[in-house]
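Below, in C-alpha cells: the form predicted alone, a single chain.
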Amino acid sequence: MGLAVPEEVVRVASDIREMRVRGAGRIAKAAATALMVAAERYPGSDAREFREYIRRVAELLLKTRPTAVSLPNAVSYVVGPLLRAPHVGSVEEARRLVVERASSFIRYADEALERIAEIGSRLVRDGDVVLTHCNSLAVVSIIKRAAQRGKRVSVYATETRPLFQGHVTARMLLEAGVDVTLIPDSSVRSLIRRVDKVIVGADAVAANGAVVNKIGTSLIALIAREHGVDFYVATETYKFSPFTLSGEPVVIEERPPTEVVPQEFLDKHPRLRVLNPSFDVTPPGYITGIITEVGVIPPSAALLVLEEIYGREGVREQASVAVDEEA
C-alpha cells in the first residue's frame, strides 16, 4: 500500500477537482505546493520508497482536472528529474530536489504574472472599454496595472455560467477601484460595439496557436472578429501544451450536470441529458495576439515557444514521465 498521502495534499487535490481552486495558474501553483508539502512530510528513510511515494502524489494531482495543461506541466517540472533519474541518492537529496523544483516553479509563476501585467497594460489605452470572460489572474493583473498607471479603464465582465466565475473577476477589479459592469454571457453580441478590446485568459495553448479556455470563449472571439474588435489572450507559457506537438488533442473536461440544474430537477426528469463541457477551443485565426511573459506573440508563434521550452527544460520528457509511468 505504501505511505499514506498527507491529508493536506489530499485536500489540495479535492479543492482542484471541485473547483474550489480555480484558474489554470492557481491550479499549477497549488499542485507545486502540494508536491513540496508531500516531500517535506515524508517520514521514511528509503529513497526508492520516496520516489514511489512522490509518484503516487503526482498521479493523485494529475487525475483532478484533465484540461488545464498547467497542471501536468507543473507536476512534470517538479517531479520529472526525480522520476527520470536511474538512481536515487539519499532521501534528503531527493527531498531537496522536489522542494527546490517546486519553489522554482512557484517563483517563476509569480514572476511571469508580474511580467504579463506589465506587458499587457501597455496594450490598454486610456479610456478603453475591455471585455473579459471567466476569471483569469493574468487578465485581472493587466487591467489593475493599467489602472495603477493612471489609465481610465472600464470593464464588461461576463457572468460565465454555470459557475459564475465572472463574479470573482468583478469583485477583484472592484476592490482595485476599476469600473465594472457584470453582463450575462448571452448579451455579448449586443454590447460588443461598446468594447475596444477583449482580453481573456487560457487553460491551454496548442502548438498551432489555438486556445482552450472557459466555455463561451470561442463565441466571444467570433463576435469580436465579426465586429473588428481585437481579441487578446493573456497567459503564462507554462500553459502551452507539449502534448499537442505530437497531435494529441487537449481533452475537454465534462463537469457534473448538477452545475447546470439542481439534482431535484434531474430526479423528476430522469430522461433529461445535460451536457456541461467546461471549455471550448478558439481558433488561432480569431486571436489578435497572445500576451505572455516573453512578450506579445502571434498565435502562429506558439510552436516556437514550445520548441524553446523543450530546449530549455525538456518539458516533453518530463510530461511523459509524470503521465505515462503510472504502473
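Keep in mind that this is a model prediction, so the values were computed, not measured. In case it trips you up, residue 1 is the first one in the sequence shown, and so on.
Beyond the structure shown, there is the form predicted in complex with ligand RUB, which is absent from this document and is the topic of what follows.
At a distance of at most 4.5 angstroms from ligand RUB in the predicted complex, none of the three residues 73, 101 and 305 contributes a non-hydrogen atom. Stretch-level contact analysis of 182-190, 195-203, 148-156, 83-91 against ligand RUB in the predicted complex, using heavy atoms and a 4.5 Å limit, identifies 195-203.
Residue 138 is the only one of 210, 170, 138, 224 with a heavy atom lying within 4.5 Å of ligand RUB in the predicted complex.
Within 4.5 Å of some heavy atom of ligand RUB in the predicted complex lies at least one heavy atom of residue 279.
Using a 4.5 Å cutoff between non-hydrogen atoms, residue 19 counts as a contact of ligand RUB in the predicted complex. The closest heavy atom approach of residue 134 to ligand RUB in the predicted complex falls within 4.5 Å. The closest non-hydrogen atom of residue 26 lies within 4.5 Å of ligand RUB in the predicted complex.
In this stretch, 93-132, not one residue has a heavy atom within 4.5 Å of ligand RUB in the predicted complex; the partner itself is omitted from this view.
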